[in-house]
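Listed next as structure tokens is one chain, alone, in the form predicted alone.
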């Protein structure tokens, strides 16, 4: 690894980003395309991922493919993976980004919202990781899995009431470590990225409230919110040859939030 290209090029690889219709999913897709990987996009909002696929193809010259999919539906995942394989080839970089964050007081939190959060934030990444890893193991190929967790995987939220979200992100962080241990011998490296307070479509409403934004900034050592594009570097690193001896780790992109 004696050149920048050898360290960070993703050319010849094919990545899949879930929840790619908005927010950090869009940034993860840009990151893979910047590195030169062909990119498959999955989300429920087909019009958005089709638009993003066209943008990535035009801007970076990579092959792209978008397919609508509910990641809580195993059969839908199978159909999506089959169509991606037919269009782009075998996926060897998986970014589990899809997630939801319903709010509400824990003592009144609806069971349906709890179950939906578990299904989307924890079960779906497990199922997708299983299916991608099993295929790579069968073919004898290495791969990368990147789970998008949160700073709230290790801390409770002092801003929002997020019992189901914090529970699932904490579990996903530990799942990352377990899968890394089990699949290291196959060359499948499993890591996570824990974003801090970053404005996205999903968080814009809360961040727009001055008292909440002030609290976020006060407890972030860099004293500002993150920018969505600031996640790109971590995605490229974990997907690239530069991270060939990194597995079971979490990179915090949080302005120092977890360093207190």
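Since the model is a prediction, treat every value here as computed from it, not as a measurement. Numbering follows the first chain given and starts at 1.
There is another form of the same protein, the form predicted in complex with a small molecule; it is not shown, and what comes next is about it.
J.: Given a 4.5 Å cut-off on heavy atoms, tell me which of 105-113, 130-138, 173-181, 90-98 is the interface stretch with the small molecule in the model of the complex.
T.: This holds for exactly one stretch, 90-98.
J.: Look up in the model of the complex whether residue 56 has a non-hydrogen atom within 4.5 angstroms of the small molecule, and give yes or no.
T.: Although the small molecule is absent here, residue 56 would stay clear of it in the model of the complex, with no heavy atoms inside 4.5 Å.
J.: With a cut-off of 4.5 Å between heavy atoms, is residue 71 one of the residues that contacts the small molecule in the model of the complex?
T.: Heavy-atom contact with the small molecule at 4.5 Å: present for residue 71.
J.: Is residue 35 part of the interface with the small molecule in the model of the complex - any heavy atom within 4.5 Å?
T.: The answer is no: residue 35 has no heavy atom within 4.5 Å of the small molecule.
J.: Taking any heavy atom pair closer than or equal to 4.5 Å as contact, tell me whether residue 45 reaches the small molecule in the model of the complex.
T.: Yes, residue 45 is a contact residue.
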